[in-house]
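Presented as structure tokens, the chain that follows is alone, the form predicted alone.
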Amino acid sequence: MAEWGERLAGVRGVLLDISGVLYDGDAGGGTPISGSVEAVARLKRSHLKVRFCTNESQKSRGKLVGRLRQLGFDICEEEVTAPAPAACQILKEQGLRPHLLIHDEVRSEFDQIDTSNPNCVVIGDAGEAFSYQNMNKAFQVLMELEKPVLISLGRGRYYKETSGLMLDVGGYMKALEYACGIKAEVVGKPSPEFFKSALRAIGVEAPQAR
């Protein structure tokens, strides 16, 4: 106990991953990892500030939080840092109009974004929408641009569901990078700016967080 007390000395905040840390997803909605509901509750009763960070790009924040609450977690949408809202902020700031290669369940996050006459591509974990036709359309959009911009909602290789390991967005992102000779801007883990935005949200400096 003393050792843990020393490790937590000066710590003011905690960043928690969600998928594979709090719960394992599946077609039925997922199941909590043993002890995770209680651990989150204990953290929230402590003096520590808590922020949830996720690369989830198959669900909107609202749907993700709704499912987590059904599983027993004490969590609200405003406590979650996710790549889709962060990408929307970038699109607005840079005047970008995306061609979206994303999962239908996350499209609502982009409702206020102009997608006419695209001048960039946003790619997320599109699941079954990762067909040849859809990948080729994203490729064509990028190749037609004088200065192609590819924004990826994460660059994970794979993730775990109760049914097994699932291929993530990173492989598809790399395919477009290679085909178009460009470098994607990653919005989400492991981008340092993603974690910095989560820390800013809870008013904690990096040395004060775990």
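A residue's number is simply how far along the shown sequence it sits, counting from 1. Given the structure is predicted, the values throughout are model-derived calculations rather than measurements.
The following text describes the form predicted in complex with another copy of the chain, which does not appear among the structures shown.
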Q. Of these, 84-92, 135-143, 103-111, 68-76, which stretch puts a heavy atom within 4.5 angstroms of another copy of the chain in the predicted complex?
A. 135-143
Q. Should G181 be classed as touching another copy of the chain in the predicted complex when contacts are defined as heavy atoms within 4.5 Å?
A. yes
Q) Do T115 and another copy of the chain share at least one heavy atom pair within 4.5 Å in the predicted complex? A) no
Q. Taking heavy atoms and a 4.5 Å cut-off, does G171 contact another copy of the chain in the predicted complex?
A. yes
Q: Using a 4.5 Å heavy atom cut-off, state whether L167 contacts another copy of the chain in the predicted complex.
A: yes
Q) If you look in the predicted complex, which residues in 64-98 sit within 4.5 Å of another copy of the chain (heavy atoms)? A) none
